[in-house]
Each structure stands twice: as structure tokens, then as C-alpha cells.
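Heads up, the chain below is alone and in the form predicted on its own; it's given as C-alpha cells.
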Amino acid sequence: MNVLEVSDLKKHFPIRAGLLQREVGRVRAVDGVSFHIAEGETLALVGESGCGKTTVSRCILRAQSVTSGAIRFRPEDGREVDLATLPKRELRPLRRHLQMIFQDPYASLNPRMMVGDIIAEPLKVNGVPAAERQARVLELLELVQLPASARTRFPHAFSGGQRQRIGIARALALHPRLVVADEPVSALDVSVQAQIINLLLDLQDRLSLSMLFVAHDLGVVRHISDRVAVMYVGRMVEVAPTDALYRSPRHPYTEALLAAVPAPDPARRGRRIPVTGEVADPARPPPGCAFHPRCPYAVERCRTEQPNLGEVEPGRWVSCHRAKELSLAGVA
């Protein structure tokens, strides 16, 4: 059963100018994105900065309104609700089932609150009695491998990795149905990134988490995701199982992203993919495929006709006119 199904999601930001602030254009931050997340599955949403992946995550959580499209979510009772059109009054009871792990562990924790109060806050808001709150806080601290004494200390006493563990504990406090992790390790040192990824993997096994993992580092994504969805300029260009995508990408942009991942062995030299030019402007995307000005495999059709996301083989979806004829390089 799918926990989340996103269909043709669009989020456009108006561009206003002049004395009367009339709309003169639109930034197509998200322009027709579709995907699903099954129960207990982790889907990684990857792409360059500015491609729209964080906007997708905020639309799912209704931190931003949706221009159009459907976001069908299934809470624990099995019913299906469309988060995109749900009134705020009806949305509030569902928020306990949708939680977020933020990117910056320094900005996401209130410096004036003790750690125990930070973790207990969602429990308090949802009416959990005080005795149960304290027991749940101790349980969560143990779950994220922090000592019980941490609950009486303030966030400034902890390192970045420890703060992110506190953020994870807060996100898991209400047994959420879906966790959205918005680049949860990008602000951390590499060694600490590995610790947080290992923690999330352990929590996946123990709690059967369903997770949307937003990231730009494909080296990190490989270890935690079941499937990977690649975005470029507000649109989905490839969706595939993780192993299959890394072994044999089907979109030139995915091939370029994989080639940019540094190899841990200094004796190995990776293959360079010639990708020139700048990322397309989402306010004025080029005609045809948005990636064609930078694509080394582009033909005339790519410059005039926009490709649709289509299934090229079972479980693999690609938005490229030449997906079935190109032989692209992956990573071992």
C-alpha cells in the first residue's frame, strides 16, 4: 500500500512588477511532478540546488500552498485524503502523521528550551499527559543514542550531529506515518554524516519508516534509499530503484550527477561527463527538454519537443526522447 501518492504537482510563484504589482510572469518551481512512496519505503529526491526538491517537500507538508495537482496521503486508519485541497481545520489532526527533519540542526532547535522540552513539545501540543511525555522522551533519547541526562541541557551544549539526533527524536515523537527529511546531513561533517545515515538506517529497520529523503549528494543517497527520483528545473527526469539507477542511468542528467560523485579511492579516476552551461531559469525554461542546452546527446527533437515521463521498463520512468537508444555510464 502506498502511504503517499503525488500526481501532477505544480507550484508556481508569481513575478510582480510595476507600481500596481501586476503579475508579469511565473517561476515554475515545481511543474508537474508525480511519484509515490510505499509503506516502509524510502524515496530519495535528488537534484541540483534550485531544482525544486525542497519546494516539493514543503508542499507535501502544506507549509506552502499548492498551485495545482493532488497529494493523496493515507493515515493509519486507511482512508485517503488529498492534502493539496484539505482545509486547514481538517489538516491539523493529520499533522501528527507528517513530520519533518530539517536541514540545519543549529536553526531548527529553540535555544531557549531544554532538549527534553523540545522533544516533548509535539506530545504536549497533541494532548499527551505529562507522565507519558517524560517516559516517551527517555525512550526517544535512547532510540537516537543520546544519554538520558541530555533532556535537562540546552541545544548549545551539543555538537551538530547530536543536535540533528535531537531533531530526529522530535520528528519521531508521535509515531509519524511519513517523515520528510530535507537534506538532513548536508550541514554536517562527512564523518558525522555517516553516523546520522547509519542511525536513520537503524530506525528504518526498527520502525519501518516511510521516508522522503531530499538530498543533492548521490553518494549519501545510495546507502539509505530504496528508490531515487531525479529532478531538474521543477520536473522529474528519472525515477528508478537505487541499484538500477546507479548501475545504468537512463537520463543524461542522471549520468552527469553520478559522474560528479567523487570516488573514495585516490588511485581511481572517474569518467568526466562534459556538461557545460548554466541551469535553466525556471521562470523562462528553454523550449523542448529543459536539459537540452547542457546535454551532450541532444538532437533536434530535444530542442523543440518536451519529453514526457514514461515507463521504459518495469519500475523505471524516464523523461528523455533517447532513453531507449543511449548507453549511459553508471558507477560500480
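This structure is a prediction, so every number in the text was calculated from the model and none was measured. When you see a residue number, it is the position in the sequence shown, counting from 1.
Separately, the form predicted in complex with a small molecule exists; it is not shown, and the next lines address it.
Novice: Of the options 66, 37, 33, 29, which one has a non-hydrogen atom that comes within 4.5 Å of the small molecule in the model of the complex?
Specialist: None of the others qualify; the residue that does is 29.
Novice: Give a yes or no for residue 49: in the model of the complex, does one of its heavy atoms lie within 4.5 Å of a heavy atom belonging to the small molecule?
Specialist: Yes.
Novice: Does the 4.5 Å heavy atom contact test between residue 54 and the small molecule in the model of the complex come out positive?
Specialist: Yes, residue 54 sits close enough to the small molecule in the model of the complex that at least one of its heavy atoms falls within 4.5 Å.
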